[in-house]
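Starting off, we have a lone chain in the form predicted on its own, written out as structure tokens.
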Amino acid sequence: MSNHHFFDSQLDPFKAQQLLHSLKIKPNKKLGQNFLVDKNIAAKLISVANLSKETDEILEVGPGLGCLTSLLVKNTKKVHAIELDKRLYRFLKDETSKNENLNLILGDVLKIEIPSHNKVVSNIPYTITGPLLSKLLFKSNAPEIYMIIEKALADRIMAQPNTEAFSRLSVSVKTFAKPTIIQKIQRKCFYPIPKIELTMIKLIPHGKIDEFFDLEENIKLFLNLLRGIFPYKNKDSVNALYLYLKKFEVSKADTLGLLKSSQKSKKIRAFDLNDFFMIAKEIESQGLLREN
């Protein structure tokens, strides 16, 4: 059905609507299908990512109508684009048949094995931001990530200790990478226009993370610790940690032993990043969560 004109042309909301109608696709809110239709924003994302045709292998999650994909293939060595929607996949397959450096994959990015890549450049489906970061960023040798996400999530990532927005997302992301807000994105750059505000962000992995995180089980322990104690972030550290650890039959005395005296009266929200890491290391070294 394609004459290869959509992929390389300047999309706009009206063209996107026409194209989706011709493909018999109604954007799915549950899948977070708000398609980027502004090539200037796509170009900005590519500029920030400082791409190289010689070395960069890119992962794009949710290529949609190909607004970003069409620029990625021109500026990189290889693009691995993962699309969940079969109809969009077929459309892109047809549109991009001449692009030899594009590896188009039909599948759920959270469930499949992802090809090797050194950068992620995406307007991601907003509904999967958290799980996607868990898969892509929370590991050693993580890629650089340049993406458009919900502004509320970006604000939580950037939040500092002792603020209301400070959360396990703030801690987990900053433990593995340095986040930087690039710019706010106008909602009219997408079709259909999303109800949420959006932000372009970059996450640059720390050059070296502690060898503690070389083991996948330690990363899981750390992330579970954050998930377990942040519901109690306004309690003092002993009680917050005890409320999480007691389900593992860890006593309050042992909980106290995990914390230095200077931390006992602190609320979890007042911790700095290193506090969470040190507690996770102490839990692991004492074997407190090991099954009997």
Ligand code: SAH
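Note that this is a predicted model, so its numbers are computed, not measured. Numbering starts at 1 and follows the sequence shown.
Quick note: we don't show the form predicted together with the ligand, though the next part is all about it.
Original post:
So in the predicted bound form, does any heavy atom of Leu31 sit within 4.5 Å of the ligand?
Top reply: Leu31: contacts the ligand in the predicted bound form.
Original post:
Closest heavy atom of Asp108 to the ligand in the predicted bound form, within 4.5 Å or not?
Top reply: Answer yes; at least one heavy atom of Asp108 falls within 4.5 Å of the ligand in the predicted bound form.
Subject >> 4.5 Å heavy atom contact, Thr76 to the ligand in the predicted bound form >> reply: Output for Thr76 is no: heavy atoms all beyond 4.5 Å of the ligand.
Original post:
Leu241: heavy atom within 4.5 Å of the ligand in the predicted bound form?
Top reply: Heavy-atom contact with the ligand at 4.5 Å: absent for Leu241.
Original post:
Which one of these stretches, 63 to 71, 241 to 249, 222 to 230, 50 to 58, sits within 4.5 Å of the ligand in the predicted bound form when only heavy atoms are counted?
Top reply: Looking at the other structure, the answer is 63 to 71.
**OP:** Counting non-hydrogen atoms within 4.5 angstroms of the ligand in the predicted bound form, say which of Leu136, Met158, Leu84, Met147 makes the cut.
**Re:** Comparing distances to the ligand in the predicted bound form, the residue within 4.5 Å is Leu84.
Original post:
Among Leu104, Met200, Ile128, Leu153, which has at least one heavy atom within 4.5 Å of the ligand in the predicted bound form?
Top reply: When the ligand is considered in the predicted bound form, the option within 4.5 Å is Ile128.
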